[in-house]
Ligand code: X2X
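One chain is shown next in structure tokens, namely the form predicted alone.
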Amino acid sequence: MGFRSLAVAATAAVMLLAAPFAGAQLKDEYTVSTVLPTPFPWGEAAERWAELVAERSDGRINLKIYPNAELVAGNQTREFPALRSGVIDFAIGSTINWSPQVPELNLFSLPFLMPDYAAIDALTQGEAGERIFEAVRGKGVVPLAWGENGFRELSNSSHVIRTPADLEGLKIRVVGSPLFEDTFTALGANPTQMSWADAKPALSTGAVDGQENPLSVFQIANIHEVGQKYLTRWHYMADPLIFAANRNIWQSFSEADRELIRQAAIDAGEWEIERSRAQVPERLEAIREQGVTITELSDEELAAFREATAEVYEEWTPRIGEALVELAREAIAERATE
């Protein structure tokens, strides 16, 4: 083989190796995992993302939504490993569900860290958010944009809750996160980890006294029907969502298509956040009409809950990262409030 033939062969080999990372043949569909479907805001964000990608790519890129953690047999804590390994192409994931693999995500679950929407934005849209995205990338997943599942509020079947003492002995269903268990234990409650499929029957029979979830979940899932007659708005934590991609799938797109998908995620996230926040007043009204007593806590009452959970910060700050927690606190203290 002559020099020219060798050069041609070498060039062809390089192009072949580079092809998967420079705009390979598109798949017929790309899977997108979510935990909640429409009409929950989480599911609406996914549908919006898919619509924008299809529209802006003239139908070339098809994102297919698989809600209810269907791609991981309903086990939402397995979603991040599945996304990292390539079982899932894309996902809009909960910071709670992904925190076992990315400890920095526990930042958002620190009790009473974020008192309002401006505090959430100060984290997600600032340096703290950038550092968290770096941590996600470090685990082999490509973060693209932020969404929002909302503040998680507390409900129960027994009585109004205004003080930590009111939680004493109550069995509260929590998600599968040790930080949630530590928080409710510090407040004197009896936290019980269980899937949502098991939670509703347990609430209905009285095996569990209460639960915590965003208002959208309380309203749309009709939680008032399983004895949850008392709702306390305490904003004890929020659950930002992360639009993300499997790293190899991401690299298979051309640079132009990556930018298209990323911008569509950003736009879908902003749309969903604005929409879900704007819906809060009507959700509260609908919940009141269902016969639920809604309690709003004063600053003094909230301070008592913060004091009662101070030990949780001491235990979890080293796990999350002291520099990140301090950065978050500074960003919240300096946030612009209305």
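Predicted, not measured: the structure shown is a model, and the values here were computed from it. Don't overthink the numbering: it's just position in the shown sequence, from 1.
One more form of this protein exists, namely the form predicted together with the ligand; it is left out here, but the text below deals with it.
Comment: the ligand is not present in this chain, but in the predicted complex one of Ala265, Val208, Leu110, Val175 has a heavy atom within 4.5 Å of it, namely Val175. With the partner omitted here, the residue from Ser252, Asn246, Thr124, Asn97 that has a non-hydrogen atom within 4.5 angstroms of the ligand in the predicted complex is Asn97. Although the partner is absent here, Glu148 is not a contact residue: none of its heavy atoms lies within 4.5 angstroms of the ligand in the predicted complex. Although the partner is absent here, Leu36 lies within 4.5 Å of the ligand in the predicted complex, judged by heavy atoms. Not displayed here, the ligand is kept clear of Tyr230 by more than 4.5 Å at the level of heavy atoms in the predicted complex. When the ligand is considered in the predicted complex, Asp89 lies well away from it, no heavy atom lying within 4.5 Å.
For the marked spot (Ser155, Phe184 and Phe305), a heavy atom within 4.5 Å of the ligand in the predicted complex is absent from each of the three residues.
Residue heavy atoms within 4.5 Å of the ligand in the predicted complex occur in exactly one stretch of 220-228, 167-175, 127-135, 99-107, and that stretch is 167-175. The single residue of 177-201 lying near the ligand in the predicted complex is Trp196, the criterion being any heavy atom within 4.5 Å.
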